[in-house]
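Take a look at this single chain, the form predicted alone, given in structure tokens.
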Amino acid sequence: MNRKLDELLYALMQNMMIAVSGEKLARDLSVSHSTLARWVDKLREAGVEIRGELFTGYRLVRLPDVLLPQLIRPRLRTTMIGRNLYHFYSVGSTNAFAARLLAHRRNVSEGTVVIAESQTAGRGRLGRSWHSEREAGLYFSIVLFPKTPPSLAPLFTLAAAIAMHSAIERSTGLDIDIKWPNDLLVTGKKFCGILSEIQAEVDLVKYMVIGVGVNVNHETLPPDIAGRATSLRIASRRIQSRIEILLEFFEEFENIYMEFERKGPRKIIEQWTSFSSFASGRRIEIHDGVRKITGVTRGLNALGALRIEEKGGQLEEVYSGDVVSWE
């Protein structure tokens, strides 16, 4: 269904200035008039403004900002990431859908991307919800089959943060920071979160799904998060191109991923350290789900754990947790 809706919307976008007859659309898409009318209603429900004009057909009222595969694929500069692409106007969670694909072994090659215009059950780290406004953000998941032990899996989450950092700085000109392990900040507020989930055996990762949520063109945010969250539009005071950021990210991430396979994790550690003000000399407090750790950051170890020098001088290596305060 989503693929057919994409084909219909793409046909309307190609004829932006004129009304296209329902008869022609139905014929080109090989469907009945009643099915076409039902698809038009589905697009309208997804927020696409389509005007039905008597005797002339259907016309877009405005060009929608929709991440159609037909617009993405011709511009890909990758060999793997995004070549297999699932697009939804609305989905519960892109990570959950990717996991279902993997569970049923359905057409899932490495680099498969699931992308949605909005999520109804978007998730962040530690079970938090993610605010997914339609046509305003980037909500997508990437499927990977890394040939590594589970101990190295967190490095790919750091790699995703590095790739998004570079993609956004290049696309927007904004100064982006990375808060350990994988939140992206602009003007000190969070606008991007990354959630990775793995299925692994004792010595090998079977698959990994990396979910990314980016507040791109949100004009406002819910009051309960507005004090600590923002969007690229709010920070830059202008609308940003979602597709440009996405294409930049795909290329950046694929390059980092391929280099890891050839040379190992050293460059990931080096890049994350150079991009993050949290890497060294930052006083922070971390909750790891069991205890509270307070101290000064002293870089990452080879597996991506954050080294914390506590008050007594002892060095603690933290592999997972939530930075709740910092100076």
Partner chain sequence: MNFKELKEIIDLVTSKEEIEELELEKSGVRLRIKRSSNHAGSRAPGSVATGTTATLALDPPSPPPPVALQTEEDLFYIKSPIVGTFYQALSPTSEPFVSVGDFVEKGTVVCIIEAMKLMNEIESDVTGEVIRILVEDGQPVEYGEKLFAIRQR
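Positions refer to the first chain, counted from 1. Treat the numbers as computed from the prediction; the structure is a model and nothing was measured.
The same protein has a further form, the form predicted together with the partner chain, not shown here; the description that follows concerns it.
Heavy atoms within 4.5 Å of the partner chain in the model of the complex are found in exactly one of 193-201, 76-84, 219-227, 106-114, that being 193-201.
Here the marked residues V186, Q271 and G281 all miss the partner chain in the model of the complex; none has a heavy atom within 4.5 angstroms.
When you look in the model of the complex, the only residue of A160, A98, L232, M208 with a non-hydrogen atom within 4.5 Å of the partner chain is M208. Here is the short version: of Q119, S141, N182, N215, the single residue with a heavy atom within 4.5 Å of the partner chain in the model of the complex is N182. Contact annotation for V61: none of its heavy atoms lies within 4.5 Å of the partner chain in the model of the complex.
In the model of the complex, at least one heavy atom of A153 sits within 4.5 Å of the partner chain.
Put simply, S320 is close to the partner chain in the model of the complex: some heavy atom of it is within 4.5 Å. Interface residue remark: L9 is not counted as part of the site for the partner chain in the model of the complex, having no heavy atom within 4.5 Å. The partner is not shown here, but in the model of the complex the stretch 280-295 reaches within 4.5 angstroms of the partner chain through a heavy atom at D288, G289, V290.
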